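Shown next as structure tokens: one chain only, the form predicted on its own.
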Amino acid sequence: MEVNLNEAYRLFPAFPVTLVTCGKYETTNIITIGMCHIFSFSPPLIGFGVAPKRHSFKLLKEHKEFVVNLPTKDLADAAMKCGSTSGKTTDKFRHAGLTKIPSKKVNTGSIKECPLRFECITKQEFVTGDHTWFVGEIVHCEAEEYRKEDLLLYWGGEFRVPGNVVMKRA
């Protein structure tokens, strides 16, 4: 069966849902990202795609740092709220019921409720069609106790959780 190319991306296996925080601490914004990936192990680089029309795009270009916060399934509603409103007109922390906390190495806020928080300095930006990828070096990571099964994935317009382990690498 041939697939419409504008819908083909929805068939691609899941990416982690991330709540990226950016901008200066006082006015930290949150953007829900469904396209995020590790780009390098050494140095540790993580990247995500953002459309230029997004408010966070301007903040990422201007401030050159961000935090990749990974939410659990309990935060699916907050992730949806952060992805459905603009930070130009909405305080997304208040709107989504999230708590802003200071980051350790960057000057933007982190999300207390997220058990994994990767603080990054932007190292590279590149345009790929309708998105710009921001790749940052992880300069600090905070990890609270969590279960991998509780982290959110994004697949074809759906929030999901990881399934069963099929095999482990030796």
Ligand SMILES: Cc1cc2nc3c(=O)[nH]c(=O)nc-3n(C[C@H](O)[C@H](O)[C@H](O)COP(=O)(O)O)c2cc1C
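Residue positions are given as counts along the sequence shown, with the first one as 1. Small disclaimer: the values here were computed from a predicted structure and weren't measured.
Not on display, but discussed next: the form predicted together with the named molecule.
Though the partner is left out of this view, residue 31 does reach within 4.5 Å of the named molecule in the predicted bound form, counting heavy atoms only. Using a 4.5 angstroms limit between non-hydrogen atoms, residue 127 is distant from the named molecule in the predicted bound form. In the predicted bound form, the named molecule lies within 4.5 Å of some heavy atom of residue 35. The shortest heavy atom separation between residue 49 and the named molecule in the predicted bound form is within 4.5 Å. No residue in the set 25, 72 and 115 has a non-hydrogen atom no more than 4.5 Å from the named molecule in the predicted bound form. Just one listed stretch, out of 139 to 147, 101 to 109, 37 to 45, 53 to 61, contacts the named molecule in the predicted bound form at the 4.5 Å heavy atom level, and that stretch is 53 to 61. Residues 154, 159 are the ones in 138 to 170 with at least one heavy atom within 4.5 Å of the named molecule in the predicted bound form, listed in sequence order.
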